[in-house]
Structure formats: C-alpha cells, structure tokens
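Before any questions on how it binds or moves, here is one chain, the form predicted alone, in structure tokens.
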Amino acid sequence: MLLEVLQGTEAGGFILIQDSVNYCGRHLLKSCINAALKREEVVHVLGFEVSQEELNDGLDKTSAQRLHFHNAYSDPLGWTGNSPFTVHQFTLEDIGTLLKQTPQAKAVTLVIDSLSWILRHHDPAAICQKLQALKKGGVVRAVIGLLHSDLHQRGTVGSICHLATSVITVAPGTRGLGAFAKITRRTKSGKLMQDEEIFSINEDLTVTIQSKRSHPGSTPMNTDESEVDPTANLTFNLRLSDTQREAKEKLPLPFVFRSQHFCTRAPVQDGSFTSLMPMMIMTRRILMTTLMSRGQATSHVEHSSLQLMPLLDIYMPETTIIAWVPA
C-alpha cells in the first residue's frame, strides 16, 4: 500500500507523514517529491527546516525546472524583514500567490516541510481549516506534509490525521533492517484500509518493500493460521448434550395457559402440583367484577359477599387492593 500512496493517483488527496525523534521521515518525503516530479507534476515546497541544497540532494535533476522551493528556512519568523516566505504567510491568499508563479501547470503538488513549524505559531483549528480549503478548493492537486508527532499534543495530531486521506507513520525497523511504516488510507467511498510494511529507501529515492503484514481492513489474513476457539478452556459447557436436550424437552412447564384469562395447574415428575396462585388471582378478579357489577344486589348477597372478602384476601392475595362498596 505504501507504493500506491507514493504514486498519488487520486486527486485532492492529503498525504501526511508522521515521524518522531526515533526516525526521520524526510527521506520518505523526498521520495514523494521525486515520484511527483517523475509524473511531470509541478511541485511547490514550503521549506522551513532544511535548505534548498539539502532538499535537492538526490532528486531528479532532469525535473529541476518543475520544482519550486520557497525559502522559509533562512528566516522563518521574518525578523530580517526580507524573507521570501515566513510562517505567518501560511494563508490561502499568500499560497495562491506562490502558485501563480506557474499559471500553466495542470497538476500542482504542495509540499509542507514541516507542519510542526506552522502548528507552533498558529492555532491548530485555523491550520485545519486552511488544509481543508486547500484540499477541496482545487488550487492544488495534492498536499504532502511532514509532521513531527512527538512535538505536539495528541489531540492536535489526531485533528491533522483526521483531515488526511493517507497517514504514513514511520519508525525504525527491528534489527536495523529498513524502516517500519504503518499506512492508514481512506478511499473516496469512505472505506478505511490499514497496512504495515517494512521498507527501505534507495539512493535514487525509490522505495523498496521488504516485507508486508496485512490487516482485516486491507487484505484477508493468512488462512493457514489456526483459528483460536474462545470456548476451549471454559469451566462450564455452553451447549447441551443429546441426553440433556431430551430431558429438557420432556420437562413440563409449571402452568399451561388454556385461554386468555384462565390457567390450570400442571403436574411435575415427582407427582406434586405447582402453585395455584395465578388461577386464584384470576378467580378473585372475576368474582370481584361480578359482585361490583350488580347494582341491585339483595341484602343476602351483600352479606355473603362481604363475608367472602376476607377469605379472598387470605387465599388469593394481590398487590392491588380493590374496595367494593354496595350500591
């Protein structure tokens, strides 16, 4: 995936290279510049950290006329008053003025070396807005930035990474073999792809992939590896055996509903009967409804009903108390 990102086939992309004090990502940045020059693109470099001579070292000499270096290295803060470019000129208007130096260019790539210099002197939210405008405004074909992630807070780094279409995090390789790159790429459809590769940079700034380790977001994992069973070392069974399943099917329910309002008891295996509480509660409700619906009840019925109420409360208790007053 690293070679695909370096090819830069998608327009409107923002490639972010993250490095740290353990490994410098400027060689990979120069590889991106060299690849863009070989695609006959015009490259504008905002150089804050290295001189033009150091940046041009190793680049394609035949494409030097398409490389425009804007010197912000000699006086990045503009203290002398005659600096070609300063950190305070990182605005859409000033960048547009720089890009007008090549009005006939069809594809322009903007390289920022590095974003850490700009973030130290600007509000991170304002920088994110400007990068988003450069991405979507059609002023440049692609933006490539170098960011020293260990110089900023995690929230600032996360905001810049969220804007990028491709994030390349570089680190030193194990046993001195090449360098390690973790690539996170977001396609136009919104799909997120990740990959990890061991690479090396040749003298002509071409990148060679030495080994590759895939992730579920990019390509399928190796199917030869044995899958781990999460239920292998449990102290209990999650499944029923045939004997247990047969015994479960033969076990009767505590009570079986016969209709919408009634239920009846069901025998269990030891010959006893389950509780008659549901049937008693339902019978109490029906009896109370019948007694309360009689508006012209006789004194005998009223007397019998009132005598029956304590018995219903004892044998058929219910959480809701229903008071019955004869008409």
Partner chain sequence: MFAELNSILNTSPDSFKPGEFILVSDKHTDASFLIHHFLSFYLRAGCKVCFLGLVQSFSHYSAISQRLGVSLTQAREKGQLVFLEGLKESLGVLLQASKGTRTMDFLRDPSSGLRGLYDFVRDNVRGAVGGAEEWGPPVLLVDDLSVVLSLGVSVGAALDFSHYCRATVCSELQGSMVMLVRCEAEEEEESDDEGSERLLRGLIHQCSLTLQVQGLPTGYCRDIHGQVEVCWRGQCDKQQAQKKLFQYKVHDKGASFFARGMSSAVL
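As the structure is a computational prediction, the values presented were derived from the model and not from experiment. Residue numbers count along the first chain shown, from 1.
In what follows, reference is made to the form predicted together with its partner chain, a form of this protein that is not presented.
Contact with its partner chain in the model of the complex, judged by any heavy atom within 4.5 Å, is made by just one of Asp123, Glu246, Asp229, Asp150: Asp150.
Contact with its partner chain in the model of the complex, defined as a heavy atom within 4.5 Å, holds for exactly one of Asn237, Thr91, Thr80, Gln129, namely Thr80. Picking from 92-100, 131-139, 182-190, 152-160 the stretch near its partner chain in the model of the complex, with a 4.5 Å limit on heavy atoms, gives 152-160. Its partner chain in the model of the complex is not approached by Gly145, whose heavy atoms all lie more than 4.5 angstroms from it.
Interface membership of Gly178, defined by any non-hydrogen atom within 4.5 Å of its partner chain in the model of the complex, is confirmed. Arg66 falls outside the set of residues with a heavy atom inside 4.5 Å of its partner chain in the model of the complex. The closest heavy atom approach of Asp57 to its partner chain in the model of the complex falls within 4.5 Å.
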